[in-house]
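For reference, the chain that follows is the form predicted alone, supplied as structure tokens.
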């Protein structure tokens, strides 16, 4: 593999579910887990060789995010279809709320634009990937493509442009996977039913989650890991109150807190899926990760921010 172009995954650190009701959320790049794309001479046309799916995708495939992206990039740069194969592989699990489709599209976008001799800005990559994401998600929020293209924390409110912001230090995270595939659509629907039944109660919880998210942004910018950890715990409690918890998520959260995590919470839709824990340093990050794998679950280590 010659120098691949890569893009990170993402997770929601604060504000999931409340974001649907106009409250802010914070997503962060998962720099330790990436999609990679690299080009080689083609077979007479442009082909995206998705190695993990064992699938070759040409420009004629209108149902693929990659062909939509490539067509848009060629149109934007007024270039003809090159004789090129772009190989693509990813360490990100699909359908896990970790931004797999945005990461793979971004890696392909970088590899193709490099071959075409075009230097794209972060915002241009983000826009191209956003349009391609519509093939996968219908009406994407814009959060995934922004986090992935800028590789920076993003503060997001529905209907507004996502804002990137800087982190005051390096944060060490461990992501634990319950192994239960949970439908975000389903958990979002369940929260909606509760909200329709008890609007005042649920709006109160959403307001509390919004306060936690605002505090989280400040704590990340200040590099205050203890405060970030405390707010993660608080956010997790509130997510349980709105009914998106799961016994296995609880098990992994408790296990990581017992192992010394500063904070831990479910991330994404809930009802299964993933949780995330904040470690004090790289050494403790490795120990927490080991505890999760010893218990029989998949775990990933990642960092974000500045040293």
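No experiment lies behind these values; they were computed from the predicted model shown. Numbering follows the first chain given and starts at 1. In this text, the rigid core denotes the largest set of C-alpha atoms whose superposition between the two forms falls within 1.5 Å.
Same protein, other form: the form predicted in complex with ligand MEV, not shown, and the subject of what follows.
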If we test each of 74, 210, 227, 188 for a heavy atom within 4.5 Å of ligand MEV in the predicted bound form, the one that passes is 188
The unique member of 219, 143, 175, 125 whose heavy atoms fall within 4.5 Å of ligand MEV in the predicted bound form:
143
Check whether residue 19 has any heavy atom within 4.5 Å of a heavy atom of ligand MEV in the predicted bound form, and answer yes or no.
yes
Hey, in the predicted bound form, is residue 184 touching ligand MEV, heavy atoms inside 4.5 Å?
yes
So in the predicted bound form, does any heavy atom of residue 268 sit within 4.5 Å of ligand MEV?
yes
Contact between residue 13 and ligand MEV in the predicted bound form at 4.5 Å, heavy atoms?
no
Which single stretch, out of 195-203, 76-84, 159-167, 133-141, brings residue heavy atoms within 4.5 Å of ligand MEV in the predicted bound form?
133-141
If the two forms are fitted on the core, does residue 213 show a Cα displacement reaching 2 angstroms between the shown form and the other one?
no
For residue 232, is the CA shift between the shown form and the other one at least 2 Å following rigid-core superposition?
no
Would you tell me if residue 174 moves between the shown form and the other one by 2 Å or more at its C-alpha, with the rigid core held superposed?
no
Given a change of 3 Å or more, say if the Cα atoms of residue 187 and residue 145 sit closer or farther in the predicted bound form than in this form.
closer
Pairwise C-alpha change, residue 166 versus residue 145, in the predicted bound form against this form - closer or farther, 3 angstroms or more:
farther
